[in-house]
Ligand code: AMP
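In structure tokens, one chain follows: the form predicted alone.
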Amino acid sequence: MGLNKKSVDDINVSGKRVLCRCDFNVPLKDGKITDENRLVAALPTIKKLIADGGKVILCSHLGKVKTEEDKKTKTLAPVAVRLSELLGQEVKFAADLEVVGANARAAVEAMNDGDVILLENTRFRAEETKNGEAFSKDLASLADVFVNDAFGTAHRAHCSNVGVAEELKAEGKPAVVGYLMQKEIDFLGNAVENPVHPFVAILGGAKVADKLNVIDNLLEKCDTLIIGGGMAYTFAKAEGYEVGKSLVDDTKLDYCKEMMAKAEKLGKKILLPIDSATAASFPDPIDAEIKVNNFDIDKMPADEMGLDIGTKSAELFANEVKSAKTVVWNGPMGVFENPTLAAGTLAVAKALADTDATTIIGGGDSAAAVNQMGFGPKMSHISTGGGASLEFLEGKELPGVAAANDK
């Protein structure tokens, strides 16, 4: 499928006011940014717009804003400071509780070509998440061009990614995607629609319920589907195994049976764990020291719970990856936040790092795990949006992508 959308390479922004929606939803502790991956990921698009002589107006949300109190802690002011350092030029912060208020309008009015300003957290306006018309119009009034580079929110229709694009398009002004958005859709889109085979998909995480449509859609596309994490125990139970105190969704047992039957019918392979790292209870706190046993899947005791794939499964999964040409991974193999229970996730990450295949990590916990373990640079692509990449893997159209002009 790739991307049939206009990008920043298809427009001329010289002398124009460019509203660029980024994903600056970064973790903050005591007003300091603790992980700036999202800022760094946005730089290529911002630098391109500056170099082309645009007046660059950046906007983003930050966290959830429920109360007036949240507006004190969830300001984007620290992001403007750090972005100024990363870009090597001033990023003026337009402090405005209304987001598009007197301060923002005055700052935009005073801009020269190549200047950059950052608006306040778009969620300071309650209508942002409802895609309310008034805020969309306010944002559109600042811009001649809209660039959406926020893949992390592409699965939501909000004012700052969809509403503003519709307003500007209605006035005959362009709405395009940035480089980060383009990269996400090229990688994820090609993996799902046009993969080089053998294509191996690896799904983990806690709940089958979160991945129902993903499993269904990927079975049509991939050659092998590997299932680990908490969701594997629902599959194991559906196959008739004793799973002890492991996490199981009893309402999804029939669904698991259906998926295994579907795989057989399509001639696809579903690989489930053949052994499990177990303990008497879930670690509390999550990184507490814990005594772990390793049991084959048909020998799990009734009073233990599976918390990671076992050593044989880790080897089985790693071997499957060796012959792959495309690998998509979404969701950890176990409770990777605990060093003793990170072995399965680590083995999969290492297998992906060692292969020549195109390796795509679908955001969220898998991205955190891969980066934490130091394998980030070895992956072809690490998605910046967990929820958005999941919906993409389900085969859904993302509103934030759909809103951009077609080529």
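Residue indices: 1-based, along the sequence shown. Computed from a predicted model, the values in this text were never measured in an experiment.
Below, we refer to the form predicted together with the ligand, which is not included among the displayed structures.
- Of the candidate stretches 133-141, 256-264, 166-174, 332-340, only 332-340 has residues with heavy atoms within 4.5 Å of the ligand in the predicted bound form.
- For the options Gly205, Gly310, Pro195, Gly178, the one in contact with the ligand in the predicted bound form, meaning a heavy atom within 4.5 Å, is Gly205.
- Of the residues Asp210, Asp96, Asp249, Asp223, just one reaches the ligand in the predicted bound form with a heavy atom at 4.5 Å or closer; this is Asp210.
- For Glu36, no non-hydrogen atom is located within 4.5 Å of the ligand in the predicted bound form, even though that partner is not displayed.
- Residue contact check for Asp365: one or more of its heavy atoms lie within 4.5 Å of the ligand in the predicted bound form.
- The closest heavy atom approach of Phe295 to the ligand in the predicted bound form falls outside 4.5 Å.
- Although the partner is absent here, Phe151 sits far enough away that none of its heavy atoms falls within 4.5 Å of the ligand in the predicted bound form.
- Residues of 140-178 that come within 4.5 Å of the ligand in the predicted bound form, judged by any heavy atom, do not exist; none qualify.
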